[in-house]
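Only one chain is included here, represented as structure tokens and corresponding to the form predicted alone.
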């Protein structure tokens, strides 16, 4: 006998509003899934055409809090591409440092939410406690725990001196050792493994067919990390800082969690390498850019995967058109494969395993 089940759009286990309409059999196995969204639309693609190029740095930073640096970073690259601007090497390095710091904090938050949904609350508390080091670091260096306001057109508005570099390295030393110990606890927790192994499986052929990105792709054995396959910024200039990508083949919730541990540890390594050899020079160009008519497409690797910005300009002080494609949009379709045939009780945890950002997707 088939049962209709609704989850959302408002539910304690959902970080953001989304609505699942499920059908399940007598064993509460999902036999049909429909996902409805659109509850968080803010009209941001229209708003950016009403703001000038400088103001849009602020607006794009507010698309999403967890990956708030990736959006203005990618947007700035698009403007600079149209303007034919080459920013200082030191600014490229500083942008990467900020981006990798955000990656660590974002991935740690997703792991914490996963352990919460897996009802392994000791792991959740420990994960959040370690993440707090990164939040403290952001507050000390950038003055804010979420929006760091790193990027300006032609460079960065912050710089690092020896004292700040020392603070970063001391904090990373603490975080790295704690993350390695935490990963072992995840790997040795029978409760966590029982909840996550074999759950929400996305086979590699389905992952390729759908075109998933980020840790979701890497958890199914696909390496499409933009920092590696289409390097940009400092990743293009210094190949040695590109991440050593963690790949898993199981395609389940557990695999995606372990990929994120790999991403975190590589992000820490990248930050240490960059600040140890920080280029000399200015952090931005003094001359304000002239932004002619033109088009640009730029892509970067956000914590959740590939982020694409399309920008069209007409020679005025405002974008004529701007669109962006976020990782969750791509990974969204994979949920239907992951959820179908799994237990109703696992639906919210499977959703969490793609690290969804509904605010990014609906903007």
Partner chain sequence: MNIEEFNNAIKNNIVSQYTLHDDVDSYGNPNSWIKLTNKNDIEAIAKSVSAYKGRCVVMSVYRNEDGSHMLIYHFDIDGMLINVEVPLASDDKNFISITPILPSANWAEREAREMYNLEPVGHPCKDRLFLDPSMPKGEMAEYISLSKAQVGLSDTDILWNKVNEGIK
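Numbering follows the first chain given and starts at 1. Note that this is a predicted model, so its numbers are computed, not measured.
Although not depicted, the form predicted together with the partner chain is the subject of the following passage.
- Look at 229-237, 140-148, 284-292, 113-121: in the predicted bound form, residues with non-hydrogen atoms within 4.5 angstroms of the partner chain sit in 229-237.
- The putative spot formed by 299, 321 and 325 is fully lined by the partner chain in the predicted bound form; each residue has a non-hydrogen atom within 4.5 angstroms of it.
- Although the partner is absent here, residue 77 is a contact residue: one of its heavy atoms lies within 4.5 angstroms of the partner chain in the predicted bound form.
- Within this chain, residue 313 is remote from the site of the partner chain in the predicted bound form, having no heavy atom within 4.5 Å.
- Of the heavy atoms in residue 330, some are within 4.5 Å of the partner chain in the predicted bound form.
- At a distance threshold of 4.5 angstroms between non-hydrogen atoms, residue 135 is out of contact with the partner chain in the predicted bound form.
- Between the options 107, 252, 92, 100, the residue in contact with the partner chain in the predicted bound form by a heavy atom within 4.5 angstroms is 92.
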